[in-house]
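As a starting point, one isolated chain is supplied in structure tokens, in the form predicted on its own.
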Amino acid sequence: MGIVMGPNQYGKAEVRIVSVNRDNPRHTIKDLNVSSSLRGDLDGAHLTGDNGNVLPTDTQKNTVYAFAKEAPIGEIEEFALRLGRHFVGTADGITGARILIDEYSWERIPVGGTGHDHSFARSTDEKRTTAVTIDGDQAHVVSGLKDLIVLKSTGSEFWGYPKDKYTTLSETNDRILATAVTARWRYLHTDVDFGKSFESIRATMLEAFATTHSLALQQSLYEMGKAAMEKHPEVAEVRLSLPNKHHFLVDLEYCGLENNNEVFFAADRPYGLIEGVVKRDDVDEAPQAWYSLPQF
């Protein structure tokens, strides 16, 4: 029985970069967290310590900063494609690259009813994401978002589930439904206006969450993915992870008050975790696009 080196990658994780565009008095900023991972002929490094094909992770970090200066970053998918293709096209022995980017959003501070030219505020923990994989001549783009917290105060039910001697949860036909959305979608190609596509997919999924009378968070998950794919033929699949942010009705009988779905205890843990893939049935799988990403 032999022992061999299996799939592997290496790179520089979480390069924080803030780029300010000063081309005119009204500045714009891009606030990113960039991670690079390279793959290829790296057996020598693992088996004998031969670093002949190991582009230093420090060089990868420096490349991120240099690329942000040499040309406008643009959409994060475009920036990741440029970085990935550069590493595969110039580094000896490297045949694949994966670039992960989280983008933090900033809003202009309103002054006199108008957003200020160069002052900003972070208004949310939500992040726009992309995972670009260069595999030889192929490029895979998986975009998405995470930490998008949503809540609906009615229009959600949960009943009809199995019950056994351990069941204490009461059925309900009117409950708060809240979650922190993590969504990733795989594009079929790279000929996409990534900025417009992201905004539209985000808005479409939010609308589906709001308008679906939900009998289960699973139903909301499916409707969100389905709505995005119906509107965007360039998307092959949508993967969603929805933690159920439970809101439990507070019993106020101890002080003689009736609680008519008005006062709740928001529990942070434990929580239900609903995950799933909504996909087209006529599109091939692309395992390389998802390699080493979380399943959902």
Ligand SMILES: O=c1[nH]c(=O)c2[nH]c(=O)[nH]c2[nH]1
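Start at 1 with the first residue shown and count on from there. The structure presented is a predicted model; accordingly, all values stated were derived computationally and were not measured.
FYI, the form predicted in complex with the ligand isn't displayed, but the following is about it.
Here the chain stands by itself, but in the model of the complex one stretch of 87 to 95, 112 to 120, 178 to 186, 210 to 218, 210 to 218, has heavy atoms within 4.5 Å of the ligand. At the 4.5 Å threshold, heavy atoms of residue 203 stay clear of the ligand in the model of the complex, well away from it. For residue 158, a non-hydrogen atom is located within 4.5 Å of the ligand in the model of the complex, even though that partner is not displayed. Residue 169 belongs to the set of residues with a heavy atom inside 4.5 Å of the ligand in the model of the complex.
Although the partner is absent here, residue 274 sits close enough that one of its heavy atoms falls within 4.5 Å of the ligand in the model of the complex. Exactly one listed residue, out of 244, 63, 57, 28, brings a non-hydrogen atom to within 4.5 Å of the ligand in the model of the complex: 244. Along 41 to 59, a non-hydrogen atom within 4.5 Å of the ligand in the model of the complex is carried by no residue at all.
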